[in-house]
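For reference, the chain that follows is the form predicted on its own, supplied as structure tokens.
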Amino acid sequence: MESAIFNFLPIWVVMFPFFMSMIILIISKRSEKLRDGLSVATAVVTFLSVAAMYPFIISGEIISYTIFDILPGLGITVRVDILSFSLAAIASFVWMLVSIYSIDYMSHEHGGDRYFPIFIFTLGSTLGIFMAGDFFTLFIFFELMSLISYVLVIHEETKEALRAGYKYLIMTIIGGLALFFAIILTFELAGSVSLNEGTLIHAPSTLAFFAFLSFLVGFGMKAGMFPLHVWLPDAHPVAPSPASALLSGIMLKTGAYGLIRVVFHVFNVSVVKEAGWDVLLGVLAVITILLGSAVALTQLDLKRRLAYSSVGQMGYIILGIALLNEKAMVGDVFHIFSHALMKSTLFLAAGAIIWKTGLRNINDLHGIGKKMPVTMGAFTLAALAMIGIPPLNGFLSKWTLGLGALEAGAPFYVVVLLISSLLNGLYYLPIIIAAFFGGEHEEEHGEGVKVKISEASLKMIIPIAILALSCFAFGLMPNNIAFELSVKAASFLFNGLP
């Protein structure tokens, strides 16, 4: 009976948000309060449902269930192992907090009747990616998430939003086609695309290289990897801030998750090393890290600076995969977790500032920390974590990645991490210093435009504060549950695959 319940849980976790998004859509025009309440309730129940799998997963078990077969070796399946659970847990946790934040943020925005159903539907499709039992199922949810989140990107319906949405849509189509091609090649070579099979392709070949390259394009596009990152700096700033937090904090991680599954399930460490594909990943990771960090320095729009920062941070995760050792993978999984907390905090704090003041230009934010101390305090904590200041979670993940680089005999990567941290400091610290130590912010800004500056509502402040304090708590206590899950996930990938 217990096994049946656990087999059903992943299906429930994915399908419940889909069902509720339809309900929310129906009642949206009748009652905003009921719409908002159902959205938050759905996110809370989804998180608790994911958390309910913890005792089963932490004991080393894998939940695997085939819903139905299409062809031999190809079907619709769910599968939850320690890596799936870790990412689903952080995704549903952040989504829950963002749902609370969205209530007041969207109260002064248009299109709330459209936003909340899409918001919840995207939750279901994102969790479907993490809980897919094979690459075909993963592809279906990946496309659902990519296409439906287009509506979040263009929500404001401005010229900039529509332009960014068009670029996002084109890149999504390219990435989807590449991913579909990679899955076809894998099925041709291995006769299966199941994650239960262990290594699917056992030796390098021309077709195997094309499969790897196609996977790299499909998942690398979503991860914001150079040179496929071009949609990201345009899409994140134009989306509503809660959507930006999810795009950067969670949805980028679906691309990284896909790459991890490719390296460890489609191929394996020995195949990737033998073919030299780890070098390609490493080069792309370094360029992504340095390019994202350097271009962020030049951005004056607050959300655009955060978007380019996300490009650089995703480079860390790609680097962790490229190092192909267990220590680096611990840092990799923990950085996925840490970045979800850090960047969600930053985007929500930026959203609160924009919501209260209408100001987006960094040069206009002098002294704003004195008017919005809680918001800017949370922003500061998350920014210091991004830089890698101990004892925050960003330091712990970068430290572990650095140890992985040394273990791989690649001290050059440690230098790259240090340079990136320096660049992070150069584009975050001036914001913090100006916010708290700059002159008093004038209530009148620009050409007689009155700007009332005070803290945002509690529904917005509390999620920001929880996320920011999490950055501190998960760094201060290195033997925390997230790091434990990261260690177990890395061990599973290297030692526990079937």
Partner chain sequence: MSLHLPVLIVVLLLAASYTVPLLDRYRRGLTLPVTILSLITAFISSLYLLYLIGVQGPFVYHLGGWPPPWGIELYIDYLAVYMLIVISSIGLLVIIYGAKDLLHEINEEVLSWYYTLYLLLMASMIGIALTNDLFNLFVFVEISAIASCGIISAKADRRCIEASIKYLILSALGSGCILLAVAMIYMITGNLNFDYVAAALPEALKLYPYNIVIALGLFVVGFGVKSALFPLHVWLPDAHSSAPSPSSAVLSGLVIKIYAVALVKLLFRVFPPQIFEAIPILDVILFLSVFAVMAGSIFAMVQDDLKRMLAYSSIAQIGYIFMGIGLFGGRALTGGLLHIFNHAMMKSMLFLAAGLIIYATGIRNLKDLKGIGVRMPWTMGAFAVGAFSMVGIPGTSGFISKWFLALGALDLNRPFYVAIILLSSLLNGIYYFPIIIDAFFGTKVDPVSEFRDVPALMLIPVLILAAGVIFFGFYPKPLLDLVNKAISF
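Residue numbers count along the first chain shown, from 1. Predicted model only: the values in this text are computed from it and were never measured.
Another form exists, predicted together with its partner chain; not displayed. Remarks below refer to it.
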- Message: Tell me which stretch of 370-378, 239-247, 132-140, 404-412 has a heavy atom within 4.5 angstroms of its partner chain in the predicted complex.
- Response: 132-140
- Message: Under a 4.5 Å heavy atom criterion, is E157 part of the interface with its partner chain in the predicted complex?
- Response: yes
- Query: Is L300 one of the residues lying within 4.5 Å of its partner chain in the predicted complex, judged by heavy atom distances?
  - Reply: no
- Query: Does at least one non-hydrogen atom of I387 fall within 4.5 angstroms of its partner chain in the predicted complex?
  - Reply: no
- Consider F181 of the chain shown here, and say whether it contacts its partner chain in the predicted complex, taking contact as heavy atoms within 4.5 Å. yes
- Query: Is its partner chain in the predicted complex near all of I70, L162 and Y166, within 4.5 Å of a heavy atom of each?
  - Reply: yes
- Item | The single option of K273, R114, H202, R360 touching its partner chain in the predicted complex, heavy atom within 4.5 Å | R114
- Looking at I321, L417, L185, L291, which is the one with a non-hydrogen atom within 4.5 Å of its partner chain in the predicted complex? L185
